[in-house]
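Encoded as structure tokens, the following chain is the form predicted alone, with no partner shown.
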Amino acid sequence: MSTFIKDFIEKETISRRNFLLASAAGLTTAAIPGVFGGGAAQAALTDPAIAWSYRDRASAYWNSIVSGGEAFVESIGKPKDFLVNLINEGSSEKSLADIKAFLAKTNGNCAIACDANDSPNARPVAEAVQAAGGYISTIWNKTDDAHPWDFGDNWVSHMSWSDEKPAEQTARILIEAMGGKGGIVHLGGIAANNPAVERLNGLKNAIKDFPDVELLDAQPADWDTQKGAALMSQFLTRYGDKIKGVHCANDNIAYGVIEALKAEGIEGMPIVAYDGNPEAVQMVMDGQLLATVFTNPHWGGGITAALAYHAAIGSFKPSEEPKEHREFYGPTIMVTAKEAADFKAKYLDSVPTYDWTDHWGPSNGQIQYK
């Protein structure tokens, strides 16, 4: 499994290098010329272009998201490459620029699925799409005061995942493995990301019930394997053997944590993660991770593209749907050693076939705000 992590880090490095070279050469999608279409939403679009705006396909999570988008595209009789990939490499500025360029190229005749990268970016993205007359469905990141129903039909929907409770569950599994005492470090995502905030809150909620457990430190690792490894090395230098457990905001970070521990000759450290990537599930089966949480990214990626597309062609009118169809939670599944083999067989060894017209089938109710 350590070979996988080494290869994973090298793949991330190559991906970043290629992105920087492309940017320097002016090859990013932001360079596409064009003008925006009219600002009014059309009743229905004809054969709209479809795009997915996301972080980086080198990640197993985002690869699964986009694979779902491709499966949806194939379900409407298009080839996989009909789906345009708008890869932002974790830059909110590039995310917005790429979407504006795509809107310009298509004159607004498009359906976009998008993770805005950080919460404040969702509003300007939605405003750009509305002004161009396109349609967009988003996942994960938006501010609490930005709602699809405030943008008519153009911002079709937003899906997030109720991360706080599952993250609390993984924290309790971690604390149990620690014998209910000792220090925990948390390696988080991007600070402005909704899931990063909720996953840290879940850990804090669990710790409240354990007076002998201390949160030694919590720092962002930006969802990144290499940053996770570097941050874990810093934690080990600072806290040493006070660290009895590690709470990771996603699987990619956990890979870096494992490498940092290995470099110090530390084995058997209790670690929990999040995302349910195939490699992480195997690590659960092998005893390297206690638990991870699956958010069914294949379904999430496909249904987000499907919602934007079907709203664009007039299959349904978003403004006539109840609010629980405009903002809703996606599904989550806890994966521990007990369930890992069955889970792997059902969701990873063979990807389930989904009905992409069943827009809200596996969803988990309307998003709630505190």
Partner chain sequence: MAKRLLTYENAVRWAPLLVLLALMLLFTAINPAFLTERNLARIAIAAAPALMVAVGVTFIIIMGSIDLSMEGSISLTAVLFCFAFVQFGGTLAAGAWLAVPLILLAGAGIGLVNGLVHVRLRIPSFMASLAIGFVCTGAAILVTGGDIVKIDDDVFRALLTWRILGFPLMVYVAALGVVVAWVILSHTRFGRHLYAVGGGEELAHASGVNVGRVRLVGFVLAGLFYAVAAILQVAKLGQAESVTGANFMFLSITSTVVGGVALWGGIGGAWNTLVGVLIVFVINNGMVVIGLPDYVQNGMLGVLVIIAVILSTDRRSISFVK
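Each form is matched to the other, and the largest set of C-alpha atoms that superpose within 1.5 Å is called the rigid core. Values in this document were obtained by computation on a predicted structure and should not be read as measured data. Residue numbers count along the first chain shown, from 1.
The form predicted in complex with the partner chain exists for this protein as well; it is not shown, and the discussion that follows is about that form.
Chemist: Is the gap between residue 66 and the partner chain in the model of the complex 4.5 Å or less for some heavy atom pair?
Modeler: Looking in the model of the complex, residue contacts with the partner chain do not include residue 66, since no heavy atom lies within 4.5 Å.
Chemist: My question is simply whether residue 238 lines the interface with the partner chain in the model of the complex - judged by any non-hydrogen atom within 4.5 Å.
Modeler: Judged by the heavy-atom cut-off of 4.5 Å, residue 238 is in contact with the partner chain in the model of the complex.
Chemist: I'd like to check something about residue 325: if you look in the model of the complex, is any of its heavy atoms closer than or equal to 4.5 Å to a heavy atom of the partner chain?
Modeler: Taking the distances in the model of the complex, the answer for residue 325 is no, it never comes within 4.5 Å of the partner chain.
Chemist: Any chance residue 72 has a heavy atom within 4.5 Å of the partner chain in the model of the complex?
Modeler: Flag for residue 72 set to no.
Chemist: Sort through 78, 227, 204, 147 and report the residue having a heavy atom within 4.5 Å of the partner chain in the model of the complex.
Modeler: Only one listed residue qualifies here, and that residue is 227.
Chemist: Considering 169, 109, 162, 233, which brings a non-hydrogen atom within 4.5 Å of the partner chain in the model of the complex?
Modeler: Here the answer is residue option 233.
Chemist: Looking at 169-177, 257-265, 154-162, 126-134, which stretch has residues with any non-hydrogen atom within 4.5 Å of the partner chain in the model of the complex?
Modeler: Contact criterion met by 257-265 only.
Chemist: Counting only heavy atoms, which residues in 48-70 are within 4.5 Å of the partner chain in the model of the complex?
Modeler: Counting only heavy atoms within 4.5 Å of the partner chain in the model of the complex, the contacting residues of 48-70 are 57, 58, 59, 60, 63.
Chemist: Would you tell me if residue 224 moves between the shown form and the other one by 2 Å or more at its C-alpha, with the rigid core held superposed?
Modeler: Passes the 2 Å threshold, so yes.
Chemist: Superposing on the rigid core, is the CA of residue 300 displaced by 2 Å or more between the shown form and the other one?
Modeler: Comparing the forms between the shown form and the other one, which are aligned on their rigid core, residue 300 does not shift its C-alpha by 2 Å or more.
Chemist: With a threshold of 2 Å on the C-alpha, tell me if residue 131 counts as moved between the shown form and the other one once the core is superposed.
Modeler: No, its C-alpha moves less than 2 Å.
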